[in-house]
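Included below are structure tokens for two forms of one protein chain, each presented in isolation as structure 1 and structure 2.
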Structure 1
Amino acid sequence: MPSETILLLGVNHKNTPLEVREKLALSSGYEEPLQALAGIAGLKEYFLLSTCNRVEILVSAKDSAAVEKELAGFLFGDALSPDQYEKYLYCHRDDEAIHHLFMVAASLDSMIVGESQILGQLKEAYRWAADKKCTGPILNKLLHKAFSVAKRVRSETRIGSSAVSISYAAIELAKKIFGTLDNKKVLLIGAGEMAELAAEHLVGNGAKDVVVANRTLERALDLAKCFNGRAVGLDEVSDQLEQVDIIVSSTGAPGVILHKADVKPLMRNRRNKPLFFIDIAVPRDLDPALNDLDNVYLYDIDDLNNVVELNKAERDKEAVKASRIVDEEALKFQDWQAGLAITPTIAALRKKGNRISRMELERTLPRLKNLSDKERKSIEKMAGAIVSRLLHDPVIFLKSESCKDQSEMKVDLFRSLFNLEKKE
């Protein structure tokens, strides 16, 4: 059986600018990309994650450089050529892939360490992959383990208590611009989870009026009710800009929805009162040229990375504990994965031992006349005990650390020594 490799390819906020990431973002959802991945030869299982800060593909595949090359091409499509995307792409294999996934789930690889949104995003992406039957025994086990690692990190460290979310970081910037958020009016463009979080932070910090503009009016009404606000259609955004102070945009639109030319005439009507835009959408909703206007302030997701992090020293200390947990859990999963190779061999060895034991008992017991049922059972028990004792040391060897080095070669040699049937 050819060996299979766990591969993880992707780009993230650490080494890939927003203008590149937004070309890869799956604004249309997971369904079509997952269907497209099915066409790549050599993939056994596959999973796709797309967030504001990362796009990653996780697969179990035949160990082939061709698979890695095809996945990279799939990830970037026509956005960049191979010589252009090489500097952005990272590829982790096996142990490194496992460790990276656990770091992501535990929010240790996030723009703001300790934020809680990434776990929900991972679970949502997994639901899509599982529903489409894209994952199997390896990735199902790996992803569920990632979820439990994140839960353990949250319960055993205080990394979340001193963390700030993307939305909260944006609120800190708003305070720098306005001094206070008391009685500030807010417009949410888009009614997703990020917009809801932003509204919670804004209202919690003194904002009074919340207006929600969304493509689906029903969803806008639902969110507006949570904050005793109002709902409007997307075509009413320009009218609202004259009245509000803070705009949070987080739609799933494929391109810019608000340009400099749309806002410039409104500033005269506003008498140049400050207008603060927070663009937390990928791809970006708002024209970067908005920053050229007087008293207009625009920050996107990459800008938020420059916000001074709250309780940084405490968070970094907790991150050390969390990293140790990730390391420990990654080793446990690697042990489980290594066990997959030896489990069939141990089962085959015991099966052969028991078969030989039964065969010899069937030949011997009929020759022994006048045995009581108790004596017959004692002999059968003794034969089973002999088999177990003989197999004990070989099984211990297969499970030992020394066997993990070049395990496939050693397992094959072991099967040859004991003349076990060929692995399927």
Structure 2
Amino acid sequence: MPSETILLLGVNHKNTPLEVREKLALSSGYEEPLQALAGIAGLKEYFLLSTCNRVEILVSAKDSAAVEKELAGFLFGDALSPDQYEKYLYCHRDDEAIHHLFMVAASLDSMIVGESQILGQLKEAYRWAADKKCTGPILNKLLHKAFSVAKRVRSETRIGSSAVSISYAAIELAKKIFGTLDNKKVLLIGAGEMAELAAEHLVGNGAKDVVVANRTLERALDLAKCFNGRAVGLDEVSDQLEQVDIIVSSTGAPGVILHKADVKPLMRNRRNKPLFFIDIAVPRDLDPALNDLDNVYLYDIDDLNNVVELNKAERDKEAVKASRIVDEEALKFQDWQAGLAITPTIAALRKKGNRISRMELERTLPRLKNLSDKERKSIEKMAGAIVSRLLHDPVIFLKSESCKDQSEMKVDLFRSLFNLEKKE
């Protein structure tokens, strides 16, 4: 095994509450913390990842027990004492650390599994670390591998393809109805927080006009202002229905506020352009029979939840496939890392030398017909001697003290130089 250990410490959304994570989120960016890390003794390479869901430090270090303690102290600063943070912190070594990093990169450890943001955040963090020359051969290779694992997972599984929150599900449905949301008009009936969130998503995906209808006009005006929209009274909803495409209803009304009979006559004036009703109110605002009308699509909160559940099941299946890819790639990396140790490298080198001399002998000897056994032995000996003398100096160099300090880099170079990459 190599002399250095890969160590990964961190906290994430799974076992650390937001209040704690907030205290350690590195709000000042990457520059200062990276500089601070440089002061910790024993770190050869280091890398820092900070997102709203996780803070992780990845290092390659010598004396791991002491370093671990120091890193934990660095991570939590003065915010928490060791007794307090013990239950939040996770610490992975070597194989586990590699596996964890790949899981994170592949978005299998994310709050919303399959979301694609994390890869960008990882790359950004790596850019910082690489610019500040904090990473070396091990972490460079490890992180690049993590990026390619993420890419492989994305292209070989359908993990990122389905919507797993209600808002996303609604957007996905709207896109299947309208093709694109560009320039579509949205009507919000009720001006609650849910309506605001939904409208935000719709506008973010291209919807243009937002009309807000509310019992109290004041609140409607406030919300409309957020989206440069207009506010109308509840009694004007019918008129608006002739113009808009997507309706989000979320009033606190005790009963149904819009019936099938109200909408049916409007369709002729709309020239049958499709209407998409999203009813997120409980109890429901909209008549379920609306869905029976041609070109009218009604989804209530339960329907949307069903879509989300369906997608989750699909996504879980894909996540299994993705974990297999991660396992496979983590093993590959461990093989590479194991090869970096000096002893196996020397063994591989000798093996290669012997193989070459044997191959050449097998080619040459049959052509020399009049050789006595003694002469044959001499030639074999000579071939062996040439190989070992040729390899003598490189081996001495590998074993030398000057190499011990930066063994990974040199061994890595050495292995590429003699083409020892492939497993024998």
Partner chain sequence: MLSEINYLLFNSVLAVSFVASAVYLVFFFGQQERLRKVARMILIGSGILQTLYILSRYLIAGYTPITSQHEAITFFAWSVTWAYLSFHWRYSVRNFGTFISLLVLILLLVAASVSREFHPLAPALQSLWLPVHAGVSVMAYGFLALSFCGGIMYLLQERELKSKKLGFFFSRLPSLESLDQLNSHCLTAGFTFLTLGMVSGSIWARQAWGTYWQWDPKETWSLITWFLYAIQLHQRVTVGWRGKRAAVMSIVGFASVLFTLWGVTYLLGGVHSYAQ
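Bear in mind that the values here come from a model prediction, so they are computed numbers and not experimental data. Under this definition, the rigid core comprises the largest set of C-alpha atoms superposing within 1.5 Å between the forms. Residue positions are counted from 1 along structure 1's sequence.
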* Out of structure 1 and structure 2, where do we see the form predicted on its own? -> 1
* To do: Align both forms on the core first, then report whether Leu43 has a C-alpha shift of 2 Å or more between the two structures.
  => no
* Asked: Would you say Lys332 moves between the two structures, meaning its CA shifts by 2 Å or more once the core is fitted?
  -> no
* To do: Indicate whether Thr180 shows a C-alpha shift of 2 Å or more between the two structures, with the rigid core used for the fit.
  => yes
* Asked: How much does the C-alpha of Leu202 shift between the two structures, in angstrom, given a rigid core superposition?
  -> 3.1
